[in-house]
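We begin with a single chain expressed as structure tokens, specifically the form predicted alone.
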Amino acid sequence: MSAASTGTGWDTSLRRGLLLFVAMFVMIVMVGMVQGTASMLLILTQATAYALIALGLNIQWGYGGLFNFAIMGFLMVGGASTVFLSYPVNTAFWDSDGPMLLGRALVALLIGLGLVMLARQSRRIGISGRIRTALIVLAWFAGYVIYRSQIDPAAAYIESTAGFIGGLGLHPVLGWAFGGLVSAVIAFFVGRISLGLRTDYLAIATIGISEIIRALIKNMDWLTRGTMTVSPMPWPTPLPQELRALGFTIQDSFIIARLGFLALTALILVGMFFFVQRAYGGPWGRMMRAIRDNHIAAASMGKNVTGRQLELFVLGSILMGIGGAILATFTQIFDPSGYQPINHTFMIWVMVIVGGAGNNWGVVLGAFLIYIVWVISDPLAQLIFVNLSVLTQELGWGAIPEIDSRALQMRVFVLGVVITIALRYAPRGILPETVRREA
């Protein structure tokens, strides 16, 4: 998957990258001229968050060859985590018996985990074989019953009185960091279970994990408010309405507010990019490439293949969690029903494949390119369909029905065309991975 380049080859790759980024800049300027500065900043801010998420997938797939289709699940975890930490405090919950009931549920959870741990250590007292296995299964069942006996009445009480727990009212950036932390913890346990699977089975397992996470978040109304959504989410930078209160016009308030949010997300992206780029260019990166290209040979040289893959899985999931938290904060709404595999898994994979797996510059370029194409394909398709409808009416064929829904569906078609062309003419991406080696 990696290509060696020396001298002229490296210079050619560098010139190509510069030209592509210049072309991307021109494309962004054109979008701004057509849709306005405020709309352009909205697109750029969301594209920056998606670039961070795509960078996380590149760590997993481009660096380690790990098929992770649980991207949507980690995005939801990031969004739910920032709700819990940065959404305003719900006084109706804290003034009720909800905290006491949740405390009991937490104690029940700890008791259940304690039973499982004791059962797993039963071999120290001479219990082994099938008896030990049956004891562990029984401990899991008993722990589950004990926990559900406390969490179910607590959830019912909270939903009937306060609606949901609410947040802690902390700064949104702390919510983003917490989203990355929770994603890391989940990724650690998921990786410990799943990374021993073969590539295709790993993909299937992560799809199932993503759907489990989505089902949990959608149905835990007491914690995430479920399908009733949480809004408005606070911003880490001044909101447009706050700027209008200071005397700014409506147009200027949107531009300045989105510019401030974009600057913050761009700073995070640049920091993460620098960290990942430096790590991949050093001994750690060489070891990861060796494991990716031939894990059997790497294991024979004494490398802990599963341990290193777990590092990649956790690190990539952290970036996904942070990116998901940023998206939820920017849109000011956390809606579990709004997460769809086409938007929050497949599109991320397209960004990495089109940009160039293993090349961070290519992945960032691919993220901006694909997201901009995704956004502008809807209004562009509407314009085409409207003109075609006028033509068909003049020819006596009648108007094209349901133009809005048809134009929205064209997004998927355009995405398919883009990835087909990319796989045909640039199978390794528009900026493929290159490893510089001195001649």
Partner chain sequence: MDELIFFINRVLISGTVLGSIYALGAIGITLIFGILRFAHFAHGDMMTMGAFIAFVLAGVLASAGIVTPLPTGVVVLPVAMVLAAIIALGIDKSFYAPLRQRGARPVTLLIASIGVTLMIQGVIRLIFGSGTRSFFADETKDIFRIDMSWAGAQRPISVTEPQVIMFVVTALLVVALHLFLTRSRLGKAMRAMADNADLAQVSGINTALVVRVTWVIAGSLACVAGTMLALDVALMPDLAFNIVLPIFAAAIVGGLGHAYGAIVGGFLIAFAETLAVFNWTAVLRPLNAVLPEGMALPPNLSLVPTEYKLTVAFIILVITLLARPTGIFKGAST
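C-alpha atoms forming the largest set that superposes within 1.5 Å between two forms make up the rigid core. Here the structure is a predicted model, which is why all the values come from computation and not from measurement. Numbering follows the first chain given and starts at 1.
Keep in mind the form predicted together with the partner chain is missing from the figure; the text below concerns it.
Of the residues given (Ser149, Ser160, Asn219, Ser122), Asn219 alone sits with a heavy atom within 4.5 Å of the partner chain in the predicted bound form. Residues of just one listed stretch (409-417, 24-32, 40-48, 387-395) have heavy atoms within 4.5 Å of the partner chain in the predicted bound form: 409-417. Contact annotation: Ile193 falls within 4.5 Å of the partner chain in the predicted bound form, judged by heavy atom distances.
At the 4.5 Å threshold, heavy atoms of Phe346 reach the partner chain in the predicted bound form.
Contact check for Ile209: a heavy atom falls within 4.5 Å of the partner chain in the predicted bound form. Residue contact with the partner chain in the predicted bound form: Ile353 places a heavy atom within 4.5 Å of it.
With contact defined as any non-hydrogen atom lying within 4.5 angstroms of the partner chain in the predicted bound form, the contacting residues in 135-160 are Phe141, Tyr144, Arg148, given in sequence order. After superposition on the rigid core, the Cα of Ala142 moves by 2 Å or more between the shown form and the other one.
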